[in-house]
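Below you will find one chain, with nothing else, as structure tokens; this is the form predicted on its own, and questions on how it binds or moves follow later.
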Amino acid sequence: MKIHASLTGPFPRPEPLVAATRDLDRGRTTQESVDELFARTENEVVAIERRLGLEPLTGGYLRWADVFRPFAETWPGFTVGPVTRWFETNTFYRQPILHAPPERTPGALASQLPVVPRTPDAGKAKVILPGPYTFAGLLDNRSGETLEALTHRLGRLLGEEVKELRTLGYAVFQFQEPLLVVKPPKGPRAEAVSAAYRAIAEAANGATTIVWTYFGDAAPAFPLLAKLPVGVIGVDLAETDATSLSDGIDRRAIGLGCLDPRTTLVEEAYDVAAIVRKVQEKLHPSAIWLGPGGPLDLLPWEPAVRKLHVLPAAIQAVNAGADR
């Protein structure tokens, strides 16, 4: 059984890059200088990913201020709203304000993906996108559409993005869905989530699709998660006992968020390996995807890098156990 390891969200910006973006806001440096630093840092993230055997590559999504910003800034119907707390964390995002039913701008998202994986490694890169339910639930909806209709519409629009990116060589798409487990949908809202992912699955046309949940226990939402037409269901091990999620996982791939971005303490590789073995024995998934439970940009750069070293070490420990 294949065990993958990859980043599951944005990587933290190192302090020199943070300082440079602040200097740009204050007129102390140029956009060209900051762009060069972004490119060098993306190269550094990709070098870390390759050195540790992490794949698909991400490049860290360092240029994205938050997961919604590329859409709020380029899709008609949106404006960028106020600074808003990102769940129960000390990080923030600018809440998108939706004034009218959204539409997409062809080519806009592709131009904002991390530079390094975009060419020539698109086939080895992962595209990280907001999930339609989390997107619909966290924006300021002034469009007049219901949450159900908006979730379905965003699923169709994100599906169109996936279809366009498939033509550029991308083959792995991850959808960030913390709200699915923090506030599980029921009734018509659950039906809208299913419809949104059916639209995405149709557009994916054989690509790997991942729903990654975090910040909440996935068990209450799992009957819905198990029905979604996606290849991988990711859960946050800090919140979820993955071995209890037996219904619907058999012959499906499961993502295990084994690195906790809420603490700088580094996990033990053999502890992670033990969890992987239990999941293998009890759930019999088709594959396992290891990664951070939530985005590592909750941490500073150095602790985040230290945590990433656990992933290949855990895979090595699993394989060593299989050999004994």
Partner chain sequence: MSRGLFPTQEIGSLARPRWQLLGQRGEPLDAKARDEFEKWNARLGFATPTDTSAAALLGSRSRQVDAGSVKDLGALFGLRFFETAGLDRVYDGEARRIEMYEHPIRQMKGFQFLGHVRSFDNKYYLKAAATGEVKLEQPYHLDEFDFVKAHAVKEPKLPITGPYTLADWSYNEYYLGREKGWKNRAVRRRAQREFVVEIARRAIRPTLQALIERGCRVIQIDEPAAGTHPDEADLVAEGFNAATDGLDAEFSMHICFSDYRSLFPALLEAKRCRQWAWEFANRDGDGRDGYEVLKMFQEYGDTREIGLGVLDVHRDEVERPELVRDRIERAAKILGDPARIWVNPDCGLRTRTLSIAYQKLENMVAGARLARTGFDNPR
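Positions refer to the first chain, counted from 1. Note that the structure is predicted; figures quoted are calculated from it, not measured.
One more form of this protein should be noted, the form predicted together with its partner chain, which is absent from this view; the next part is about it.
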* Please run the contact check for H309 against its partner chain in the predicted bound form: heavy atoms, 4.5 angstroms, yes or no? => no
* Asked: Does at least one non-hydrogen atom of R189 fall within 4.5 angstroms of its partner chain in the predicted bound form?
  -> no
* Distance check, L17 to its partner chain in the predicted bound form, heavy atom within 4.5 Å -> yes
* Asked: Is D35 one of the residues lying within 4.5 Å of its partner chain in the predicted bound form, judged by heavy atom distances?
  -> no
* Asked: Using a 4.5 Å heavy atom cut-off, are E103, A171 and R198 all in contact with its partner chain in the predicted bound form?
  -> no
* Which of these residues, R166, R94, R252, R156, gets a heavy atom within 4.5 Å of its partner chain in the predicted bound form? -> R94
* Asked: Within 4.5 Å of its partner chain in the predicted bound form, heavy atoms considered, which of A39, L52, V279, A65?
  -> A65
* To do: Choose from 230-238, 205-213, 132-140, 173-181 the stretch whose residues reach within 4.5 Å of its partner chain in the predicted bound form, heavy atoms counted.
  => 230-238
* **Residues of 286-310 having any heavy atom within 4.5 Å of its partner chain in the predicted bound form, listed in sequence order** => D297, L298, L299, P300, P303
